[in-house]
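Encoded as structure tokens, the following chain is the form predicted alone, with no partner shown.
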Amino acid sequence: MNPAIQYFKNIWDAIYTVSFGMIITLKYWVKEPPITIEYPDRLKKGPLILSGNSLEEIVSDRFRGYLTVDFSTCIGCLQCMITCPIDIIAIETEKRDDVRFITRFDINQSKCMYCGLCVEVCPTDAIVHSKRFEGACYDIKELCIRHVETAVPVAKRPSKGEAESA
């Protein structure tokens, strides 16, 4: 083949393939809804927020955010602290007049790897992952969350009949 013809054929192939790729890109850019939200800059303008959904409704139910504790069901068994592979949970209990109290329940979210082992082992589902994910702060000490300010009495252990029916 003549080198001049080959040269112009290569130019035509380059123009054709780039144009074809740009048409596909333009189609997705114009017709398809955005998959991601440019957080936090475009949060209020995004299609998910405009449809009336709150941020908690956008986050999946299986999302593993910050750990929270429900002290109305926590029996102070320390299983979450024992199971945690990186020791981010610190719990202290004490007994006063035949009543057990939780005096300390700290979770260091800066070290948490969100594995969910502490959630799985809890017999009363007192510790759960929340939908909170915004953890930006200026001091890493702010991520060590103290859940108990004053002593909290532990919940009563469910009897075997209640545990089986639940």
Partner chain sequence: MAELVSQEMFLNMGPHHPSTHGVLRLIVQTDGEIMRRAVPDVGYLHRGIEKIAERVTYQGFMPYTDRIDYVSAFSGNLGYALTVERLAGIEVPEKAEYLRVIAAELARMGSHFIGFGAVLLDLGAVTPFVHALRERETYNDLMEMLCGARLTHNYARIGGVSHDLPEGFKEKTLKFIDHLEYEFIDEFNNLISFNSILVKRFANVGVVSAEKAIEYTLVGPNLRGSGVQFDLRRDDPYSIYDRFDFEIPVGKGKFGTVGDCYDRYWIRIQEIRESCRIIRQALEQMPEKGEIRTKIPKVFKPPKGEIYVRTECPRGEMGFYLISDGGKSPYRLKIRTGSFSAMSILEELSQGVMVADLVAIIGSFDIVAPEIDR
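Definition used throughout: the rigid core is the maximal C-alpha set that superposes within 1.5 Å between two forms. It should be emphasised that the depicted structure is a prediction, and the values quoted were computed from it without experimental measurement. Positions refer to the first chain, counted from 1.
Keep in mind the form predicted in complex with the partner chain is missing from the figure; the text below concerns it.
- Of the heavy atoms in Asp106, none are within 4.5 Å of the partner chain in the predicted complex.
- A residue is said to contact a partner when one of its heavy atoms sits within 4.5 Å of a partner heavy atom; Glu149 fails this definition for the partner chain in the predicted complex, lying far away.
- In the predicted complex, at least one heavy atom of Arg62 sits within 4.5 Å of a heavy atom of the partner chain.
- Put simply, Glu120 is close to the partner chain in the predicted complex: some heavy atom of it is within 4.5 Å.
- Looking at 1 to 28, the residues that come within 4.5 Å of the partner chain in the predicted complex, counting any heavy atom, are Asn10, Asp13, Ala14, Thr17, Val18, Phe20, Gly21, Ile24, Thr25, Lys27, Tyr28.
- Core-superposed comparison between the shown form and the other one: the CA of Glu149 stays below a 2 Å shift.
- Leu26 is among the residues whose C-alpha shifts by 2 Å or more between the shown form and the other one once the rigid core is aligned.
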